[in-house]
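This document starts with one chain, in the form predicted on its own, laid out as structure tokens.
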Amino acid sequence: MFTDFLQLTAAGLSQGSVYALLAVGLIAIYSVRHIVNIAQGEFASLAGLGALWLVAAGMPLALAVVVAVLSVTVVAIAIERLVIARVKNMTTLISIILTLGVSTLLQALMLLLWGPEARGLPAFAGSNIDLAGVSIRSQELWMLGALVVVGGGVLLFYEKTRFGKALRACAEQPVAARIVGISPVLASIAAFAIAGLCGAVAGVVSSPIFLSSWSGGLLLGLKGFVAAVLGGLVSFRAAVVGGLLLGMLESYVAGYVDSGFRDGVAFFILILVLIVRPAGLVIRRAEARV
């Protein structure tokens, strides 16, 4: 019984690491532009299907993954330049409608290019491990490792580097940021590039287990959004914890209740958080002092 619990926990953590990466990408944009990017999940689908296409064309898996991730990062920058930057008075509502349109357009392009069938990349190099009766697939370790390296790198970039702090300053004090020489245009481009990178990495590492399809990105992105909401759309750390918790809860529900309820967990949590604590689970300093 306890072994089953540990097995479900391991599976949930690996799945949750994908949600956490998507949440990191969402917060990277929101913390700079206050834009809710509904197309975040499409970056994952696009990278997974793009890598599959390259592998089928004869490119080695490792190279295909790198090319797909970089290409999707460029696509994210192009979306920012061609769509987002064109709107003069961006509000959160306009950003949701706008990025929903981008999401739908990307879905249509993926369906046209690669068809309706869901497919998965070959498993990455590595061996499965067995720990105290719990079997962990090597691909699940890749998923967790991607969160540590990419998610952790983004967190350190925003919190510890001068340029990362400057990006956030653009959202909080855009005029002051401009006065001290911080370019809002560059900040916006960097935010979308980071979001594209995070989404693409999440898509390629999860593809061997959870497959890639033209329609899978929206649901994936919404689950990443739930994790980001747990962090109040501002805290990378809380969003990562939220993503991992969401993955574990889904795994427990699928294992102990019914797999049919799995996808409903995220939206139940979203409704609960929006009703009880719409600012997320983060206790900000001002609130703590009170």
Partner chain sequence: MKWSRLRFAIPAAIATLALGLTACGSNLGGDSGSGDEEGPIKIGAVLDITGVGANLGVPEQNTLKMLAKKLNDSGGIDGREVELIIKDNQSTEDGAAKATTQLIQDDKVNLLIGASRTGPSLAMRPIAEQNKIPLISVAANASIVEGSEWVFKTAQNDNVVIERILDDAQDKGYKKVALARDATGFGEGIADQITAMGKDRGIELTATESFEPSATDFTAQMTKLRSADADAVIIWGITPSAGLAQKAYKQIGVDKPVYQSHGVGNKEFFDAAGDSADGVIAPMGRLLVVDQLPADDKQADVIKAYVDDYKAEFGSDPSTFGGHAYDAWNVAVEAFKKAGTDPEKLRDTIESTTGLVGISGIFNFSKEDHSGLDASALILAVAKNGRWNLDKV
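All values reported here derive from a predicted model rather than from experimental measurement. Positions refer to the first chain, counted from 1.
As for the form predicted together with its partner chain, it is not shown, yet the points below apply to it.
Taking the partner from the other structure, its partner chain in the predicted complex has no heavy atom within 4.5 Å of any heavy atom of L61.
Its partner chain is not drawn, but in the predicted complex it has a heavy atom within 4.5 Å of P208.
V185 falls outside the set of residues with a heavy atom inside 4.5 Å of its partner chain in the predicted complex.
Among heavy atoms of A254, some come within 4.5 Å of its partner chain in the predicted complex.
Note on the interface: of 81-89, 195-203, 114-122, 156-164, the segment with non-hydrogen atoms within 4.5 angstroms of its partner chain in the predicted complex is 114-122. Relative to its partner chain in the predicted complex, residues Q7, I38 and V229 are all within 4.5 Å by at least one heavy atom. This chain lacks the partner; the member of L222, V55, V241, V67 within 4.5 angstroms of its partner chain in the predicted complex by a non-hydrogen atom is L222. The partner is not shown here, and in the predicted complex the stretch 188-206 never reaches within 4.5 angstroms of its partner chain through any heavy atom.
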